[in-house]
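So this first bit is one chain, no partners, the form predicted alone, shown in structure tokens.
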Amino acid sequence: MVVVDQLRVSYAGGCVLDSLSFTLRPGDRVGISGASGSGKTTLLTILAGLGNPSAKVSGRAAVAGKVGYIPQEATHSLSPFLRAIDQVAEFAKSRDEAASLLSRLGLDERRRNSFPHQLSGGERQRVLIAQALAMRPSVVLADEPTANLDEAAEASAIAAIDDYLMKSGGALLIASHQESVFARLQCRIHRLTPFTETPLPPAHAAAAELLLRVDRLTKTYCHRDFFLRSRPAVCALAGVSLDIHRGETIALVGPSGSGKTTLARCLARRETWDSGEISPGEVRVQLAQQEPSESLNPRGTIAAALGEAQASPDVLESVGLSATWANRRVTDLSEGQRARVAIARSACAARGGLLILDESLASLDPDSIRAAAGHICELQRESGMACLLITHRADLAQSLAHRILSIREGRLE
């Protein structure tokens, strides 16, 4: 169903894939593993017929049958004008089938009838998974489909994909940094780079000095339909209070749609809140968003992005990238490489203030996470910068944070 024979892909910056060969037959499941920038997304987009026109491609990459592609960036892959259920119903046999599939992925009626901007990143990702499965494809191509999902959502997504493949006899080619995903889907693994298990840098001692106080913060969204009729209000934050100290790293965990990103956007003053207080108001806050393309100008160069934070290209070395890449455009980088640029820029701009990482480490391999975490720890020691780490990964929360807070339905537990 999939034949890759001596595939070579290169861009102006160099070769990404070289002499890659493998095959998939009906029922086969293959996991693609490798560091950020090793060519995982390039391979999947070429097989899906969405390759970059500027790439030089030689060799063979062919797919037989219908392809269901689950891309990595959900924000740019969904129409902002259609509700979630309508976007899945376009590919399903019926609207009822679309509703059933979304329900199985943990999206209730309110979320099924919401527009993409009214959903969390993890909820949007599940809509993409539902879209791909609704097509009844012969081959499922999945690019980090569970990276932004909490444990329960990840389990439901993997179960839905596994069940579809079992019933249809289709093939699966999935890219992921999580070895556990390959194990649960029973994939044979094709590594583009060797796997390494690298320890994360330990969190250093935080200062007792208060940096920022959040006092009984509330936020409610009141959605309206096409005719401007009000729909039931959604409470995103319900009296959230916390203190953040200098040099401290706080991990915020919770299911998709629990209010994590809303709190982050309020702290960064990108969202207004209904009541409560964030003080003092002059603290510098930088937010590295869930999808790095939302934080970086796609038309600009890396040097321009760093210049906005008055950072030199040398800072790229701190997050595992080469300073010689400074004149490359943001679009020339992989998702993981863009994430590291966004983290480096936001961290430099947040010196002495608060850095918020909203699932920014989700698309990174272990070596890249270690490099980014080391850079953040160094800035914390130098400037007393605090960090709010929003993550679904328990290992990152336990290794990098001084405190772990859980949020559910807008309330800290």
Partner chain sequence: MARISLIVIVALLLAGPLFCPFDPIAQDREAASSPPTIHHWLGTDDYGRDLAARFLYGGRWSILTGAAATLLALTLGWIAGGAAGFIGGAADAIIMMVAEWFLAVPWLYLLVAARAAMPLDLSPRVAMLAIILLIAIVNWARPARLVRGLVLTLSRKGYVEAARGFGVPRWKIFVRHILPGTAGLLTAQALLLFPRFVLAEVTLSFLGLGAGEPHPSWGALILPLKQIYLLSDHWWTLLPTLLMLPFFVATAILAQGLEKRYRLSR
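What we label the rigid core is the largest C-alpha set whose atoms superpose within 1.5 Å from one form to the other. Everything numeric in this text was worked out from a predicted model, so none of it was measured. Positions refer to the first chain, counted from 1.
This protein has a second form, the form predicted in complex with its partner chain, left out of what is shown; the following refers to that one.
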item: 4.5 Å heavy atom contact, residue 188 to its partner chain in the model of the complex; value: no
item: Contact flag, residue 346 vs its partner chain in the model of the complex, heavy atom cut 4.5 Å; value: yes
item: Contact test in the model of the complex: residue 289 vs its partner chain, heavy atoms, 4.5 Å; value: yes
item: Contact flag, residue 124 vs its partner chain in the model of the complex, heavy atom cut 4.5 Å; value: no
item: 308, 215, 317, 179 - the one with a heavy atom within 4.5 Å of its partner chain in the model of the complex; value: 308
item: In the model of the complex, the residue from 333, 251, 296, 266 that sits within 4.5 Å of its partner chain by heavy atoms; value: 296
item: In the model of the complex, segment of 318-326, 180-188, 241-249, 296-304 with a heavy atom within 4.5 Å of its partner chain; value: 296-304
item: Core-aligned CA displacement of residue 302 at least 2 Å between the shown form and the other one; value: yes
item: Did residue 284 shift 2 Å or more between the shown form and the other one, C-alpha, core superposed; value: yes
item: Residue shift check between the shown form and the other one, rigid core fit, residue 349 Cα at least 2 Å; value: yes
